[in-house]
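Just the one chain here, laid out as structure tokens, in the form predicted alone.
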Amino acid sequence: MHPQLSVSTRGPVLVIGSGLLGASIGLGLGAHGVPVTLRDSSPAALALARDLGAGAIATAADAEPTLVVVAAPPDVTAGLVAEALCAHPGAVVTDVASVKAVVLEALLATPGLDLNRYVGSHPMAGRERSGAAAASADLFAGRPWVLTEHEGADPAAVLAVRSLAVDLGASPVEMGTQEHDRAVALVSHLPQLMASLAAARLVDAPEAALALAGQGLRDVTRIAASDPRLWSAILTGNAEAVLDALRGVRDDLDGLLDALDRAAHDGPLALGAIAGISAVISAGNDGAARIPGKHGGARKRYVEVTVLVPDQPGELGRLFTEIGEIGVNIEDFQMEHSPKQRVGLAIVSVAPGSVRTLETALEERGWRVVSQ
């Protein structure tokens, strides 16, 4: 159960769309005691979100909402926002679509539409699974929530959307629509496409090759299980920015292909082969180093401690408990578990000064620590 903390958002809140984001917003607000009603074009999706506790199904007899959140695919978002602005003249309206420029352009082109109560937004949160079944009240905790305030937006409307983000545990960030779309093309849309392209190579892969799969392949392809229909709408809505990102990848890939072609025809020591490959890997190192760390800002360097964990109920929980008893904070965590193995590799990242203490204490408690 979530404690009912003091929040700024006052209901009723109408959420249009009961998928992952819409249901998570409903669950998060409901955990704070904010009344939420739900609308969706799919009766089955709507009933599932209701049954999971995301809100009540909206009816004509409901009190007028103070806030409307449109949580729908980008290709239908502008129309739903326009309908909400007209149907609920006293409500602030926001949307959480993952592309913003195309939505705002469509709204600005709608005759007679007063946009002073509208503020576009986008929580940078999600999962590879879609639908209300994957929703969580904590989905937005600690995540950036972009507000794309437009000229003419009422400051009170901006404050209402900012309060929504804060009440759901997110950190508000202000951006223009074009700046937002270029940013998500790099940090969200491009990774999705890279994961999908890599996973597509596995469709006809031999079973013997797949049996060798390790954590690297799982990491790269994890988000490849995303909804094709949703992502088609997202990518076409942000086509220009995604094209720019993909053209950069194409240029790098051309250089890599040239280096590998030299190695394939003239041997591994062919002129330019090693340098071409090294340049791609080095650029990847430099880019990865710029990804913000645990609490934002520059990424801190941690040391990984690898522990063998028996594949039995409660063993991973026991490891976490004992690390806490030792007095070491886990900064990050990964779990590797190869097929047909009776143990997994728990990889915990800790501050460098804690490594020796942790390894010694775990071995004294009977854990097998794998030397790096």
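Quantities reported herein were computed from a predicted structural model and do not represent experimental measurements. Residue numbers run from 1 along the displayed sequence.
Absent from the display: the form predicted in complex with another copy of the chain. The rest refers to it.
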{"query": "Interface stretch in the predicted bound form with another copy of the chain - options 217-225, 154-162, 113-121, 83-91, non-hydrogen atom within 4.5 Å", "finding": "217-225"}
{"query": "Heavy atom of each of 56, 76 and 150 within 4.5 Å of another copy of the chain in the predicted bound form", "finding": "no"}
{"query": "Another copy of the chain contact in the predicted bound form: residue 365, any heavy atom under 4.5 Å", "finding": "no"}
{"query": "Residue 41, heavy atom within 4.5 angstroms of another copy of the chain in the predicted bound form", "finding": "no"}
{"query": "4.5 angstroms heavy atom contact with another copy of the chain in the predicted bound form for residue 176", "finding": "no"}
{"query": "Residue 283, heavy atom within 4.5 angstroms of another copy of the chain in the predicted bound form", "finding": "yes"}
{"query": "Residues from 131-149 in contact with another copy of the chain (non-hydrogen atom within 4.5 Å) in the predicted bound form", "finding": "136, 138, 141, 142, 143, 144, 146"}
